[in-house]
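One chain comes next, on its own, written as structure tokens: the form predicted on its own.
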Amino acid sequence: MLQPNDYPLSVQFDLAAGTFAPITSKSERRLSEMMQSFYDVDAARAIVEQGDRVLYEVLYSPFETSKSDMAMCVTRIFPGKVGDEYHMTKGHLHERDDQPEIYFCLQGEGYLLLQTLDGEFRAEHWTKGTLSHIPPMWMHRTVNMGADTLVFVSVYNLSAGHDYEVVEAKGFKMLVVEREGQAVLVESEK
């Protein structure tokens, strides 16, 4: 017998605005929560002292049934830099080592940074329409290197979980910074 949450569910996208409805929750990530993610901590501290800006927001909707679970998020990374490093997500690794994720870029330009715990690194260049599969056991972070908001959809199993601490402890091998007006990848000193 079908349970109340076992029926199909749809959401409606507003592609121009980079949002959807209905959403279950919306969260914001401010610079003060991510200061240690940026290599120029002094620049981050100075920005926070002048006003703690929102780097990105996440619109969330779970799809749970009696036999399965999925989640969909829309992440909106606002344009800007901390020092010469572009705004980015905090990044995470899934707690369950068998769980992949799908990202689909709806607007903007950026990079999807991926790295294994053993240090293998990849950077996927993103533009509108890029679809990326993130295999299990790859840390991942998204960077907005454009002048507009970078908007992407992510789809994953709720049971995958999110481990942010491993990214904070290990960091990524490469950073995305501006050099002579261009976004470039440079080696991290972390």
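Since this is a predicted model, take the numbers as computed values, not measurements. One rule holds for the numbers: they count along the sequence shown, beginning at 1.
The following text describes the form predicted together with a small molecule, which does not appear among the structures shown.
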**Request:** Using a 4.5 Å heavy atom cut-off, indicate which stretch of 117-125, 44-52, 62-70, 148-156 touches the small molecule in the predicted complex.
**Result:** 148-156
**Message:** Residue-level contact is defined here as any heavy atom of the residue lying within 4.5 Å of the small molecule in the predicted complex; does residue 164 satisfy this criterion?
**Reply:** yes
**Asked** Does the small molecule come within 4.5 Å of any heavy atom of residue 81 in the predicted complex?
**Response** no
**Message:** Although the partner isn't part of this model, could you tell me whether residue 101 comes within 4.5 Å of the small molecule in the predicted complex, counting any heavy atom of the residue?
**Reply:** yes
**Message:** Check residue 91 for me: does it contact the small molecule in the predicted complex (non-hydrogen atoms, 4.5 angstroms)?
**Reply:** yes
